[in-house]
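There is one chain below, alone, in structure tokens, taken in the form predicted alone.
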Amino acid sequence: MRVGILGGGITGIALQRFLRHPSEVLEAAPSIGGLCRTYWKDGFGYDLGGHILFSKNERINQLVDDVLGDNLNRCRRANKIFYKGRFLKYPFENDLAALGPEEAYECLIGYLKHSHPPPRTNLREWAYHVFGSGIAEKYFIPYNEKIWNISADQLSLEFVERIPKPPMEDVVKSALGIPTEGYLHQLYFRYPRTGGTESLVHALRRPDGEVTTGYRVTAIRRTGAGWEVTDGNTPRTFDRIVVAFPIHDALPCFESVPDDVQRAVAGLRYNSMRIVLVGVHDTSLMDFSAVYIPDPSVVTHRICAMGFFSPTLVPAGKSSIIAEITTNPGDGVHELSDEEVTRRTVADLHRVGLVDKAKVVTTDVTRLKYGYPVQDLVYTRHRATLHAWAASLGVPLCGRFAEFDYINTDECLRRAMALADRLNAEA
């Protein structure tokens, strides 16, 4: 059985690694990696977001350890929240004392009173019910509205499955200034020593794996019991195919897609991203892994210090951050040029004291059409329609934007391995 893997991001490359059937990965870009690409500018390396790897799944942890070998860096998370000009430990509810007595009291009493009704439909209702008005209004809702670029009352409850619920004891300790540590499974993470996150994708690639880059799929059609895939010039035939590239791009390649499926995929909302590199001529941006910024006047929702992940990503004596910016057409940011979005990013970060613009020595911008799948109020219904159609064709979907699911690197690896196991069981 010959398998065509359509998409050479980390999911497609991992799938091929564990597949025992003959296979070929077809990737539209000039190189593999997808969202796990690493870019370089003036000696500064940067990823397309804060691609650290942590997992509760020991099989995934062992896989990363094995493939990276000597190129593995283990880091202790140093995430922070920038709130009203000061740093708080992440997550917000684990550092309430740093807010000062009055705001800490507002957060604690709101949490303990638990006076808001259970949520019916959306994330805003859930936030008030779980956290109380203090934590919900000061951090949780404004931050999530920035990253998702949509009102919290338009986000579904499916999203909340990803959010750990803080124990009451930790919240009380936090308000009293007793140190606590939330999200323990994220406390340490794995990252390559050299090469950025892209080096993990290359480490996963099978030496004998057939991979074709620069091959943009334009048509997919059945041929008897198999499939023909083409880029308009060089067709390929496979017994099975796996879609591991964005479904919004893949769907038009199929013949005779039912109207309800087309409507469902058109209704699946996603956010685009601007990743802005800011390199400075000192080592001031080295002491945190990420900073979350709920302030709506600052264009970026999160910055990550690349030199914290690995010193090899910054030249000696320098440091850098990447600023992640969520955009959609018509939001006032999406249409900005690279130069304009860079100026605004640096100006905002300088104004609040996170970056000294006088020390900036280099900048760069990378645009991502597909950044985050948005789990809005119609997401579950539309996604179910998509998956039922793909299942009827016998075409597995695998990966964040093929499955249209907000999953991180570790879950992409887990699902690729699980799909390989299922395909390996077929004759």
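All values reported here derive from a predicted model rather than from experimental measurement. In case it trips you up, residue 1 is the first one in the sequence shown, and so on.
Below, we refer to the form predicted in complex with a small molecule, which is not included among the displayed structures.
Among 152, 217, 135, 276, the residue placing a heavy atom within 4.5 Å of the small molecule in the predicted complex is 217.
In terms of contact with the small molecule in the predicted complex, the residue from 361, 395, 377, 368 that brings a heavy atom within 4.5 Å is 368. Within this chain, residue 51 lines the site of the small molecule in the predicted complex, having a heavy atom no more than 4.5 Å away. Within 4.5 Å of some heavy atom of the small molecule in the predicted complex lies at least one heavy atom of residue 10.
Contact annotation for residue 67: none of its heavy atoms lies within 4.5 Å of the small molecule in the predicted complex.
Using a 4.5 angstroms limit between non-hydrogen atoms, residue 60 is distant from the small molecule in the predicted complex. Picking from 81 to 89, 240 to 248, 173 to 181, 67 to 75 the stretch near the small molecule in the predicted complex, with a 4.5 Å limit on heavy atoms, gives 240 to 248.
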